[in-house]
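Take a look at this single chain in structure tokens; it is the form predicted alone.
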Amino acid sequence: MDYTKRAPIKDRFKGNVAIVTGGTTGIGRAIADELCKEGASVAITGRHEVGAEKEMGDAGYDVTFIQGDMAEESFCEKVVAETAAKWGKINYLVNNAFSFIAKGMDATRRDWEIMFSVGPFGYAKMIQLVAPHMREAGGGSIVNMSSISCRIAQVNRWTYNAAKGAVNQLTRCAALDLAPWNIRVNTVSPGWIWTREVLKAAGGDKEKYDPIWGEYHILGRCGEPVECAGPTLFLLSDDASFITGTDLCVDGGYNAIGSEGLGKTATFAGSE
């Protein structure tokens, strides 16, 4: 089975507009691609131009790229203003852009500031800015990208894990406050996904490390970015119309099996 592909639902988001922060690579790019395949117009953000807008435009997608840093409040304002000006409305927001600083006892105040500025602070600002547009459109849906790290302890990960934990609590509070405007807010918490950072940690050797790190997951492998896209699109869509303030774990069973993982000698039904 090819886990790097999914079957789009034809025109599910046709006529609607989405913003995907950090949408040029990894999970964000996969989400943006799948939204476009299902008919949405999409604004993607990124700190560096990597050709995503051209690639997606060449594929026939209605997309625009806005370059900048989500840690800057003025850039958040620019993203929302340009998206609304281009398409006249905003229906969906995927807060995906996030820094990765994994530090514990050695974390500096600046490390903490960076983690929270790009993460929960940037997420919160984007929600504040898009909510009035969604209200005007009759409602909307927001997905904040979290992580398995939001709920567990990991060595030397104070900064990252605390920031992801804050994302989940922000999501619950925003869901409560925005419900009267018919705006739903949820999180997706991925397990180990083959993004740029994970591939870097593997030294580029995906074939070697996929089964090794896969032992942390019931499914015995790491995930692909597009496997986070499908669940995210579900939460954005009307199929999830009665789901808000919740966290969807897209983790291959990571949270279910405990610290020992599958184990070197694990046996289970269907293993033969």
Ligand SMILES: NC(=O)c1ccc[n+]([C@@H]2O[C@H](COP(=O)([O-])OP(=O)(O)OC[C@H]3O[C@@H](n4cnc5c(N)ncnc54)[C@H](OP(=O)(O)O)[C@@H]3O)[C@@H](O)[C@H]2O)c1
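Worth saying up front: this structure is predicted, and the values here are computed from it rather than measured. Quick note: we count residues from 1 along the sequence shown, nothing fancier.
A second form of this protein, the form predicted in complex with the named molecule, is not displayed here; the remarks below concern that form.
J.: Contact check in the model of the complex: Arg151, Thr187 and Ile257 versus the named molecule, with a cutoff of 4.5 Å between any heavy atoms. Do all three pass?
T.: Verified in the model of the complex; spot residues all out of contact, no.
J.: Among 80-88, 138-146, 102-110, 171-179, mark the stretch whose residues have heavy atoms within 4.5 Å of the named molecule in the model of the complex.
T.: Looking at the other structure, the answer is 138-146.
J.: Is there any non-hydrogen atom of Gly22 lying within 4.5 Å of the named molecule in the model of the complex?
T.: Looking in the model of the complex, residue contacts with the named molecule include Gly22, since a heavy atom lies within 4.5 Å.
J.: Check whether Gly68 has any heavy atom within 4.5 Å of a heavy atom of the named molecule in the model of the complex, and answer yes or no.
T.: Looking in the model of the complex, residue contacts with the named molecule include Gly68, since a heavy atom lies within 4.5 Å.
J.: Residue-level contact is defined here as any heavy atom of the residue lying within 4.5 Å of the named molecule in the model of the complex; does Gly191 satisfy this criterion?
T.: Yes - in the model of the complex, heavy atoms of Gly191 and the named molecule come within 4.5 Å of each other.
J.: With the cut-off set at 4.5 Å between non-hydrogen atoms, does Val130 touch the named molecule in the model of the complex?
T.: Val130: no, not in contact with the named molecule in the model of the complex.
J.: Using a 4.5 Å heavy atom cut-off, which residue among Gly26, Gly220, Gly39, Gly57 comes into contact with the named molecule in the model of the complex?
T.: Result of the distance check: Gly26.
J.: Judged by heavy atom distances of 4.5 Å or less, which residues of 30-68 approach the named molecule in the model of the complex?
T.: Stretch hits, in order: Thr45, Gly46, Arg47, His48, Gly68.
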